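Here you get one chain, nothing else, as structure tokens; it is the form predicted on its own.
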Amino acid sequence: MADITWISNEYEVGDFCMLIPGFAGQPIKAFDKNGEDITSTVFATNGFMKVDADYNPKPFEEWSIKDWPQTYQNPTYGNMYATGIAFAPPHSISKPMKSANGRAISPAPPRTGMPSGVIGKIVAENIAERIKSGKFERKHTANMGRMGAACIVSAGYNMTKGLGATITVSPVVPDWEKYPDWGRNIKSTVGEIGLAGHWIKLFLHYMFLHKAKGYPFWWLLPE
């Protein structure tokens, strides 16, 4: 049976939940120039690439946003980066639990388009600066514990009766030091469903195509 990720709210299990297969990367093997297998150095056991995160096992009470990567660069091979869903997270984002039969329930960190776009941008900027200066300065960083995200899910297409679920979260990875009660800024972490979300989703669709095709002023559009 495949590993299962259980996502639910923290108020009453069952109000909102979703069961999905656990995330896993491609079973890629890595070898150095001498033919030595370096797979365990480059990739975590889940198949995602290791980056500048703290992968040392620690209890939930010791988790911190400092565990999360800043530059998304492999610590051993400086010319390798992993962005978006490609990097190996140091741990889940909510307290691990177990079902009645002992199966692990571990909410996976979301890597939606907005955080992935931000991460991809800072990696590209660091690579560009390295090419121009020849130095590993890594001036640009993006920690998911200091990053907000928004997601809009279509729930029905209609010009006047369409629905869209709009979700915002800040920060993506809970910061229990800054927000000891909830781990997040509750004022900036909301969820709404309605016609406005449908129109925003439609608008973003065309904005994305405009940026992806490099049309005039594409760089002004945010990630």
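Position 1 is the first residue in the sequence shown; the rest follow in order. The shown structure was predicted, so the numbers you read here are calculated from the model rather than taken from an experiment.
We do not show the form predicted together with a small molecule, though everything after this point is about it.
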item: The single option of Ala88, Ile152, Ile122, Met147 touching the small molecule in the model of the complex, heavy atom within 4.5 Å; value: Ile152
item: Answer option from Asn143, Ser106, Ser116, Asn126, heavy atom within 4.5 Å of the small molecule in the model of the complex; value: Ser116
item: Close approach of Thr112 to the small molecule in the model of the complex, 4.5 Å, heavy atom; value: yes
item: Gly78 within 4.5 Å of the small molecule in the model of the complex, heavy atoms; value: no
item: 4.5 Å heavy atom contact, Thr83 to the small molecule in the model of the complex; value: yes
